[in-house]
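Next comes just one chain, in structure tokens: the form predicted alone.
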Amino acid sequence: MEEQIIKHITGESLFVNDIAEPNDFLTGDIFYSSKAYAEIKKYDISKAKSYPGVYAVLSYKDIPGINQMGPVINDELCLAEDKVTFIGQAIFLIAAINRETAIEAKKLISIEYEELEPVLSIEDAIKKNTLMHPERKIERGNIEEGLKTSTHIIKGTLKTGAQEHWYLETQTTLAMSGEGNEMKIFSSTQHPSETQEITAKVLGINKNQVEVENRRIGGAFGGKETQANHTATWAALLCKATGRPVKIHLFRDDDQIITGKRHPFLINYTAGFNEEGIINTYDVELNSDGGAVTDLSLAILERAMLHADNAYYIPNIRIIGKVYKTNHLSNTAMRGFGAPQAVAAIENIIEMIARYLKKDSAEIRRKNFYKTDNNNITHYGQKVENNRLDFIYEKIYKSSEYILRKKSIDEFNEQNKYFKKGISLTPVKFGISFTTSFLNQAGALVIIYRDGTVLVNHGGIEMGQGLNIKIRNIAACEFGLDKERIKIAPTNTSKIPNTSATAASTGSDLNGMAVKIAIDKIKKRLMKFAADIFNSDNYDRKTFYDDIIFHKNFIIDSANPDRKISFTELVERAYINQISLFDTGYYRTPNIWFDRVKGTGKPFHYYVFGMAVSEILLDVLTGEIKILRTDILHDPGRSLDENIDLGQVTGGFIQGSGYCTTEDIKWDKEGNLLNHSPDTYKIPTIDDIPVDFRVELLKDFPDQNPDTIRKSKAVGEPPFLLAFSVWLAIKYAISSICKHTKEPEFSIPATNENILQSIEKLINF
């Protein structure tokens, strides 16, 4: 069993909150806004400052650098100045001897607001035209002509809700000052280099004076890509002000109130299709609730626009994208990064078409899939290469017994009034790469010690997805060593600089290739040296450089297998002969680009494919659902670790089913988040997992993903979208109440309450 897994099981794994604090450390806390939109008329922090055990109370006036921590656009204040724009916005920072003292000090702060009229819904934002930035458009073909030539046209609106990341480890930072202006930060972040940059900017110092380190984080799902910068910067400010180490570890409720969510979308669409269900035209408007500041909203909207087609070739397509400002906390990255919202719309449309034509939705999907002929170019101009869609469809259609089960489900629904079943097959085609092209780069530092052990430094973040296990596997395979001889170092900005976030499912792709490149450079030197050693022994036949292989802890002449030397001996002899035993690797993803003005390019290195078939049971009287069975067939390329990939597919699907069913975020009319704790926000539990759960990795095409690390594919985000099979199976069950003659009103999430409302509207139609 992997050492990392053993440490997790035994509780020995160290997270940021487990790091032993120095004896003189202080606890940091945040006083945040209780108003969604208001002017700050006056405040008094004097009593809090003088409270026993309080060492600092800071406002924006105490920031030595720039009061700004926007990751892309400078529209996000570190601490509020004369106005607050959402509940949870930080106004003051407190450093105290312990948490209890900080809480008492917060109660002594008085603040007077003049409330302004907030914008608290996407509908209100559209009405008031609070666009954050100009709208985006990607278009192909001719929408007007396409609709004219379509046999049938459907129109509608889909609303998708927010989603909380609910990582197990809340936002955490330990900041410690060093010599001069130096600052060492242990941060639970997905993006150490950005945390370094923003902290340096707020402190008014150079980046080379800030060191950010992270061994692992306890879950993220996008919620620590930019949002971890907040606690890091706040802790660093308090550390700078007091001259003592400061730790901020957010209480769960505060974490949920302060940090961003998945973007809610309001999607308006029109689709034209023929009698066979083939979609000729698709006109869609994606309206996103960005919250109070930009954060990553523009990039998230872009990925939504690029995935609006999902797995389907549509000749005439127009996608309009808009991000609106509201007085909610800043919405941010979350698993899928905008793709789930857009994919939900096209998958819902497929179901509507099937109901309209009285055909099977799986068959409608198959007819509209991207093919391997001319119908394989996306609306942004990229060719869908190594397409697995039809192959996966045929396999899962058969293995899931889809047609027999659907017939049985229809018979069940005919015979039962208060319980209904539903089934749906949904695919995913997910592009892999950062759509901001320059982010597709990574670095590594690989070190061999004289005892033949290896230390690997890379810029990725282990956050429970198994990245370090995969990197260890890569290094072991490339060196031909037992995995026990490989150690992965904590990620540190002083070792690997200018890293990209561990996000967009690129962690293994980018960092794995950087590690391989570093290893290849070291191996090249060792191979030449090994050949020289073998040839110095006066063999009859010469050993050639190209014949040297690394295998099972030995370096071997493959043409003359009796000539071999242990890895440890070769390393020691190389050191004695002054041959370098460490090197760096740098990788940039090749041949990707995107022209945002024209809306065309090749933004993705490759595509991941997968499909799921889900069957559910619905209690018509309570709205309760049970997932009876789910079959998944997912394409990982040549898997770097099958157990890790199976875990990612399983977990991604379950998290996606939570998004589609139970995870309903609610605000009141003042903008207060109503469910900000584990007793009021329902993530999936063991009872929400399919009773019969069959997850399989596709192994028929392991060598058809060129130019990736060991021909593997990313796994993190795509399986999330397979949960739409659950969502649409629920819709099928609801629709069966009226024998599929009416289209149910439906949204995300399909909570018990929303299901009952949909049923009521259907019955009273």
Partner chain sequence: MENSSSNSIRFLLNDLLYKIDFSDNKSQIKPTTTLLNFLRTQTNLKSVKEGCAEGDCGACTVVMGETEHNEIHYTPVNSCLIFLPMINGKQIITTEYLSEKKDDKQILHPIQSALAETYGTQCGYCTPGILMTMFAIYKNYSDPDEKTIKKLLSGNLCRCTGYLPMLEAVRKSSKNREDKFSQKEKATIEILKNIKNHSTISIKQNSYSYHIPCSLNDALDIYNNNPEAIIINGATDTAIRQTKNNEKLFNIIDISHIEELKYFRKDNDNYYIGAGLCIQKLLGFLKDTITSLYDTLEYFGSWQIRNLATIGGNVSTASPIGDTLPVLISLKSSVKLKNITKERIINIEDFIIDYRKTSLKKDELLTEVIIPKTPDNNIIKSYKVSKRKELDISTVSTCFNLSLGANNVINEIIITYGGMAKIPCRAKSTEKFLTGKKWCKENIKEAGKILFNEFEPISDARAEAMTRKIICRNLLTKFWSENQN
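Everything quoted here is computed from the prediction, not taken from an experiment. Positions refer to the first chain, counted from 1.
The discussion below concerns the form predicted together with the partner chain, not included here.
Residue 169 is the only one of 76, 169, 547, 583 with a heavy atom lying within 4.5 Å of the partner chain in the predicted complex. Site annotation in the predicted complex: the residue of 81, 595, 253, 670 reaching within 4.5 Å of the partner chain with a heavy atom is 253. Note that among 609-617, 639-647, 378-386, 356-364, the stretch whose heavy atoms approach the partner chain to within 4.5 Å in the predicted complex is 639-647. Looking at residue 570, you'd find every heavy atom of it more than 4.5 angstroms from the partner chain in the predicted complex. Using a 4.5 angstroms limit between non-hydrogen atoms, residue 688 touches the partner chain in the predicted complex. Although the partner is absent here, residue 757 sits close enough that one of its heavy atoms falls within 4.5 Å of the partner chain in the predicted complex.
At least one heavy atom of residue 695 is located within 4.5 Å of the partner chain in the predicted complex. Within 4.5 Å of the partner chain in the predicted complex, a heavy atom is found for none of 533, 559 and 703. Of all the residues from 103-129, those having a non-hydrogen atom no more than 4.5 Å from the partner chain in the predicted complex are 103, 104, 107.
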